[in-house]
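Two versions of one and the same chain are coming, encoded as structure tokens; call them structure 1 and structure 2.
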Structure 1
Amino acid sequence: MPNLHNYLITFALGASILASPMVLAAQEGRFGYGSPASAEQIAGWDIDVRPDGQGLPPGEGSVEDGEELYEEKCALCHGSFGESVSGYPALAGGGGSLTDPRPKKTVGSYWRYTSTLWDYIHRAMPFTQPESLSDDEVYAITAYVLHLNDIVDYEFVLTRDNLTEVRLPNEDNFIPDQRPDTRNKRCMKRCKDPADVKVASEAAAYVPEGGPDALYSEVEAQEDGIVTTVTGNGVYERHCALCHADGIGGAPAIGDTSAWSARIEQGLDVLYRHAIEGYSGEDGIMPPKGGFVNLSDSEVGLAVDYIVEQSQ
């Protein structure tokens, strides 16, 4: 880069506009571009809130007021109890689940600071009308979401002054980045025993454009020399988890023992049949093979075994 400082000074002096901000800028080694931001301009956009309370506007809101607002503006997507509707994020529940194979991360189980909740609702929610809530409404709805997570009681009123005192259960469970945390070696020859090379899981086959014709068929009959293990876990992840992981559309969630106990009592044969042929009980519709008709019966069976094993 040319010596900008000198250049600007020479330019400014040459043009003899001595008292202008440009000259001052140049003397300080700056360009002098842009215009000063007034306090009023900054206030219009400065919406962020920090854990220490910096950025919180005056105001307050009660759990009770928040309940009504939440029902009207939030429950549609997040559920009346914050349990989630149609795949939108859950806002409550999941306490103690962070070490489970399927952790449920919510405001109550995972979030670190109350200020984050206030800030996020204020900046981004309700989803279809961001920045439409008044400050008092944000206090009230924040209070209600805290209440849904059993963090404050029903009589609570959230204010600018007490917000930083409301601590979330998971606050102390965050740690700094520790990567690199793996130490692979650059081995080139005989890096492992060929007998140990086994496929643990496989995604569904993809048929590229042009159809199967595009594949080479003359060697198709050749022995597949590789041991392929289809696992129940793998089938479950690809084909069943989208409903059974979180209980979408009435599906009993994996690991939810109470939702599964009566079902498991029917016996595995019934469960296999219901999973393969489809089933509609009181809770919703289980499509045949979860809608993946290309799955073999035994693949579905493995997934049922896996679900049952995880839900006992």
Structure 2
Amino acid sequence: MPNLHNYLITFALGASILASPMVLAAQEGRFGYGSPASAEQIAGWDIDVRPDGQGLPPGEGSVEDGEELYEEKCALCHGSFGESVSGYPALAGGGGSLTDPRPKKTVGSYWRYTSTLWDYIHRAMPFTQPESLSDDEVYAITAYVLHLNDIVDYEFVLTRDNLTEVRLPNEDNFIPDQRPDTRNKRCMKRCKDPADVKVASEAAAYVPEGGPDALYSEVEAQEDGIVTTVTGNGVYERHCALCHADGIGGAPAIGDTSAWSARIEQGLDVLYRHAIEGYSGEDGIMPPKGGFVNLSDSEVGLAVDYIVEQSQ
């Protein structure tokens, strides 16, 4: 049984604490402990960079210097040409892909501001040693990534003064968010009737080129009572391209004949079985049905046929 004496001591201590100046200060809007952050402490956290260049430190870095630094500190994850390795983000390429079912979002195809690239490298890269790069090294690596996207030439030197002059190709394509907005307020009582809530705006649904049935035309599939026909291209784009488009995680990239030739020689029956049941090889692992267990065997087979057709 707990000791009553201990309870009385605890109660007395609690009463004295509640009456202490520290707690009284907390009642006035302060916690009553700690001390104001110094200018040096604030500076350690105040490292963000705005699109107008505010926050950029002095420094400079050339594309040439950035190339060597990138190979040493970045290429292991992002690839020598920014193409991505083992599932890490691709940094280059993807031009004109933003309207595709699986857009490739890179610095050159999607990002809005050059300052975002500098800021992210500065605060988060390399992945295993964030904030280990000097300011000049960040300028150099930023310059080289811009060069990988054909935005600056090889002789370019990036500085605090000219960074905001480097405009990324997709900058003007960002628009205000037009997704539905109910303009409602949180409530705990006397809440608005849901029937009276009006949608102020609504974004148009994505329709693939050729119409909503463009990805379907070969094998019938039924879901929720709706019967459609499916193509290998459709299954690939929706479920397989995530890994096979760029060879992520050891997956052979579609169209890479050297990677597929030996696999194709095994015969379609083997490829079907590996795709449906899963397969573990020297280069990576293929989970059953690519992890999409809701796919039928016929749908997986169509995707395999499509990949083989594109990779011979």
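All residue numbers here refer to structure 1's sequence, counted from 1. Here the rigid core means the biggest group of C-alpha atoms that line up within 1.5 Å when the two forms are laid on top of each other. From a predicted model like this one, the values you see are computed outputs, not experimental measurements.
Structure 2 is taken from the form predicted alone, while structure 1 is not. When the rigid core is held fixed, the Cα atom of A75 travels less than 2 angstroms between structures 1 and 2. The rigid-core alignment places the CA of V63 less than 2 Å apart between structures 1 and 2. Relative to the superposed core, E237 undergoes a Cα shift of 2 Å or more between structures 1 and 2. Taking the core as the reference frame, the CA atom of Y272 shifts 6.7 angstrom between structures 1 and 2.
Taking the core as reference, the Cα of G301 moves 2.5 angstrom between structures 1 and 2.
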